[in-house]
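Single chain ahead, written as structure tokens, the form predicted alone.
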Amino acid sequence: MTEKVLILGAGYAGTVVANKLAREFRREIARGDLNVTILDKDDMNINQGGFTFLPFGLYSPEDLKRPRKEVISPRINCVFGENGEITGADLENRKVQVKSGDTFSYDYLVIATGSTTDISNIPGLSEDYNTFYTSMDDAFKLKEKIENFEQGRIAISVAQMPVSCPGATVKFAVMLNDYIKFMKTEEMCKNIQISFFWPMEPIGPPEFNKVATKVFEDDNIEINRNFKLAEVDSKNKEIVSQNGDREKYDLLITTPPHKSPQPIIDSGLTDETGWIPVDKFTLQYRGPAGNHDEVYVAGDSGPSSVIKSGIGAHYQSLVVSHNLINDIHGHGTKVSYMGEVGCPYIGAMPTPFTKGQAYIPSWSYGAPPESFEPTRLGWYIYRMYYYIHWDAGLKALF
């Protein structure tokens, strides 16, 4: 009898799990003893982390996308389009429904559906929505607006937590400041103010907050903490916080609210926070649909308590892979996810006036990041990652 592993989502986490299983069980798959299927509505893999750089010309679209069948092992059964677009999941009966009407059964399930943006959650946001977060098209539209901006206040707002890769907006603010100093006239620079609106008091863990705060202060980027976006008044060019504070802007750049994909919510898999609860160590499902040892969650779909980032997805996908390998072999042992996560930080973008500087701080449960400073070497390492991402990261080679 063939055992079935079903993976929902062919983003970073789902692809890593698939490739890890394909290597470990190549003989079992060839014999027909194991089937690994991955579902996704899109057949193109997009490295969303690179969107932050697109408005500044640091990557091209070709750097950030690959056909999924080029990065997923041919041993994996890939289903894309309507046959891969999930509409519901029934954990009790071990079945997943897709848009075409077909259903997929499984012995083991990996939920790696990621998160999605929810613009409608903020009244008025759709009327003045500028972002680099959601697509390459949006990033290039924002690039054009930045190029044509000559004076006034640029408000960079992170609407609320949690969001995917919360540090991306911090990096963007630093690069935008360097870009303006390089690309605009001296008179224009004097007439442009960047204001950063953050929904919490600290900008990340203590050491991350310390470095970010210093760089913002040195660059004269205004910091507005505890500003949870509640409304956008596009007519009067104002953003409104949940406390009723109103702030003027001339160009609004927003990191929108995020949520679990709607089919996951509609299937009753999320908790009161709207995210999928798991055992924090094994990453097995523990939620309103019951406790299911055969169901694992990896990546941004997971609980709100774990920061959603590419580095987190990397470590979670490796843990899920190893635990599935042990389950299928019948070893009965578990590898623990220790909360490994990280958030690359940029201290400066390379221009004729500045040297690129970056650092990739990481931390885990109970172990916050240590003191750090962005360096020039860190910038090159960070930039290099976006190229090795395709042939090393996604293929689970490190």
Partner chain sequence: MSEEERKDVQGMELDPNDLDTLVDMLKTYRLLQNYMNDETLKGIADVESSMFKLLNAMISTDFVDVLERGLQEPEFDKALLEPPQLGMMGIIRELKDEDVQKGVGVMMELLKAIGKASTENNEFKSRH
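Positions refer to the first chain, counted from 1. Predicted model only: the values in this text are computed from it and were never measured.
Another form exists, predicted in complex with the partner chain; not displayed. Remarks below refer to it.
With a 4.5 Å cutoff on heavy atoms, Asp63 counts as touching the partner chain in the predicted complex. Of the heavy atoms in Met44, some are within 4.5 Å of the partner chain in the predicted complex. Among residues of the shown chain, Lys69 is one whose heavy atoms approach the partner chain to within 4.5 Å in the predicted complex. Not displayed here, the partner chain is kept clear of Glu3 by more than 4.5 Å at the level of heavy atoms in the predicted complex. Leu58 is the sole member of Leu58, Val335, Ala367, Ile360 with a non-hydrogen atom within 4.5 Å of the partner chain in the predicted complex. Applying a 4.5 Å heavy atom cutoff to the partner chain in the predicted complex picks out Arg376, Leu377, Trp379, Tyr380, Arg383, Met384, Tyr387, Ile388 from 368 to 390, in order along the sequence.
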